[in-house]
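In the form predicted on its own, a lone chain appears below as structure tokens.
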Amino acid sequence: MKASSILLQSELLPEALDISFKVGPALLVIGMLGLFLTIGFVFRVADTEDMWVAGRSIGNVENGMAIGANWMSAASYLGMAASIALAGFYGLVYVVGWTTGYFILLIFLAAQLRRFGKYTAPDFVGDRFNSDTARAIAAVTTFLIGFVYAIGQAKGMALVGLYIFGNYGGLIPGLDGYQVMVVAMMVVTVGYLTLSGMLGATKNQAVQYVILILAFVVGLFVVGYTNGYSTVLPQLEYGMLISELGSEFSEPFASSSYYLWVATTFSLIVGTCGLPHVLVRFYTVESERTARWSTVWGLFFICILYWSAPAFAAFGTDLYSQTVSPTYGDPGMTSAASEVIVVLAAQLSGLPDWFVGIVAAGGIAAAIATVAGLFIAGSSAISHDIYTNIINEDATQRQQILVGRLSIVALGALTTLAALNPASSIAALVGYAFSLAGSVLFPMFFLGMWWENANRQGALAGMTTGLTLWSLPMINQIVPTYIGSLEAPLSTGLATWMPAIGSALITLPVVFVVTIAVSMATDEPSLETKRIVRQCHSPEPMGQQETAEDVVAADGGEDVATDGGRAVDDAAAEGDRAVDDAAADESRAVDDATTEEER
């Protein structure tokens, strides 16, 4: 197709990327998208159980693959290599932060959340703290996380789509080629999500993981071998290149401060443990044991790509310097080029279009898989937590699914509009969402699961504080980019010590202190709530559809034995047994005396 007179936005045009229609890659991507739609139709939702938690029927390996696909977004597939290419050592912040977060999930939250057994993240907050207001704040936060996170995914899909489908600027009046691609990719994604729900999304995510990991790893091996960078294991052999790429690549903190690295790493770690679309994966499995093992499998599947990303960044950076222009210095590689460095590395290696198309298709699969998880989590927050639990408690399953689908469409529309002119890089956009999750939701999950005295007032105070504090650096750094008369940041000092991408380093300790202090200053939660929390730590297995609340309701008022035991409960139990034994002995003595008298 002839290029339109409407040009791509210069700041979003990746230099050196071949932006033209390519038959082979286009057929490959269209076939892949068709496969996703077909799987979504085959496993389309029949009820709310399938819509939100896939009937709690997903096994550990399949759920691990879904966690991997759900997690490895355009930020992992494209943005992480981009960050390493531009910032070198500093870019490893994403590798360290994102993987460390999963260890905390594995140890402290995976099994406990499964035992609590709700549908969504706001569902947990509302029921644990017995507050519809807390539920509503968590639901709004979940929707906001999905919105901010998905902007980066839409940007990644559009940039990769430019390589495959070319520039169709003007096809939609007033939109350039990048923006047209944003609209096209989001329409396809929203279309299959409104059809499939969580069950179809999970089945798709397992397929998407296979596609994205093969595309990434095979692409890395071929690029390394073709250019003589590696022969057997590029993840180790790329180290020989580091000395040739300059101090900007290899010197720690050459591009940013040590404080920013620590703040960003901390935010990514705690944000990982508070992301609703990650946490909901633990609700889709049949038992707490499966929840733990699916986390282990998920971490393994994620590490395959994370181990490979620095090597891809090194290969792409060297190829760019050799064939386009020096990567560092003035003008250096642009942010737009770095965000497609994985595709550029394959293209600059002189590989066939169809092969480069496979690498590009992996990026689209990664973005769609993550958007699926985000949108399901966001729509369930609106449909299940706000509409069903607060607005219309008598809502039928049909009404709930309808509201959920409309929420997906609304979230898709908002994301599309914001992605037409994104404020930051893919990795940074995702980082803002992590800071929000770590500031608002993670403290509620951690304290709610591990401190039974955390109460309604404490949760409301903590969540409000977290949301307010997170908003300050966003207003300081991001909002001005959308207002022509303002220059970002509004306050240099605030941007230095409380950066938007790493604000949780400040907000999280404050939220913990506020939540604990207010909880201690007000009435304790009810005994039933405390017993539900204890049940979440019990070693006794539960049924596939059973929750901690069900067990507590059916146990006849008996307290719960937990992993660590409770001295008071044990003492009470021993006392009860002693009384029972004494009564039994007395009864036997009376019976024996009666028998003797009768004889």
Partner chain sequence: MTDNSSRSSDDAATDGGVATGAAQKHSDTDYLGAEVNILNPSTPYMRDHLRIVWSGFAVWVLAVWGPVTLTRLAPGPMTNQMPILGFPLHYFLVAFGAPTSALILAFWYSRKRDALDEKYGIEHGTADVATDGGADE
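Note that the structure is predicted; figures quoted are calculated from it, not measured. Numbering follows the first chain given and starts at 1.
Omitted here: the form predicted together with the partner chain. The next part is about that form.
- By the 4.5 Å heavy atom rule, the three marked residues F21, V187 and R405 all fail to count as contacting the partner chain in the predicted complex.
- Segments offered: 240 to 248, 213 to 221, 150 to 158, 351 to 359. Contacting the partner chain in the predicted complex at heavy atom distances within 4.5 Å is 240 to 248.
- Proximity to the partner chain in the predicted complex, defined as a heavy atom within 4.5 Å, singles out one entry of P509, P331, G493, P252, which is P252.
- Of the candidates L319, L144, M498, L299, L299 is the one whose heavy atoms come within 4.5 Å of the partner chain in the predicted complex; the others do not.
- Interface membership of L106, defined by any non-hydrogen atom within 4.5 Å of the partner chain in the predicted complex, is confirmed.
- Among residues of the shown chain, D123 is not one whose heavy atoms approach the partner chain to within 4.5 Å in the predicted complex.
- Using a 4.5 angstroms threshold between heavy atoms, T465 stays clear of the partner chain in the predicted complex.
- Within this chain, L27 is remote from the site of the partner chain in the predicted complex, having no heavy atom within 4.5 Å.
- Contacts between stretch 66 to 104 and the partner chain, counted in the predicted complex as any heavy atom lying within 4.5 Å, involve I84, F89, L92, V95, V96, T99, T100, F103, I104, listed in sequence order.
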